[in-house]
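Consider the single chain below, provided in C-alpha cells and representing the form predicted alone.
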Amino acid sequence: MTVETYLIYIVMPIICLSLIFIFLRFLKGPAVVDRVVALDLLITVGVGFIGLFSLIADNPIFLDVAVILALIAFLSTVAFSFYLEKRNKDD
C-alpha cells in the first residue's frame, strides 16, 4: 500500500466523517459559543482536508489557500473571544 492509497482510502473518509459530525454540532449547538467552537473546528478540519488534497494532487498551490484559511479562522476566534470578554464586563 502506497502513501497515496492510504491517504485516499483511509484518511480521507475519516476526515469526511469528522466534518459531518462537526457540522451536526454546528447546527445543533445549544449556545452561540458551542457553534463558534464548532465553526472553528470545521475550518481547522477543512484546512487539514485542503492539505491532504494538496498531497494527493501533488500541487503545493493549495497550501497557500490553507494557510490563508487558517489565519482567518485564528483571527475570527480571537475576535469572538474579545467580544465575549467585553460582553461579560458590560453585564
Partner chain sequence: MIDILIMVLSTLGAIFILIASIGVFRLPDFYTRLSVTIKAATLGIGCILGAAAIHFSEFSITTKAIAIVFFLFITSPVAAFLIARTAYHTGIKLWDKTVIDELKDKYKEEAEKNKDSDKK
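Basically, rigid core = biggest C-alpha set you can superpose within 1.5 Å across the two forms. Just so it is clear, the model here is predicted, and its values are computed rather than measured. Residue numbers count along the first chain shown, from 1.
The same protein has a further form, the form predicted in complex with the partner chain, not shown here; the description that follows concerns it.
- In the predicted complex, no heavy atom of Y9 sits within 4.5 Å of the partner chain.
- In sequence order, D40, L41, T44, V45, V47, G48, G51, L52, S54, L55 are the residues of 39 to 56 having a heavy atom within 4.5 Å of the partner chain in the predicted complex; the partner itself is omitted from this view.
- Core-aligned CA deviation for F21 between this form and the one not shown: less than 2 Å.
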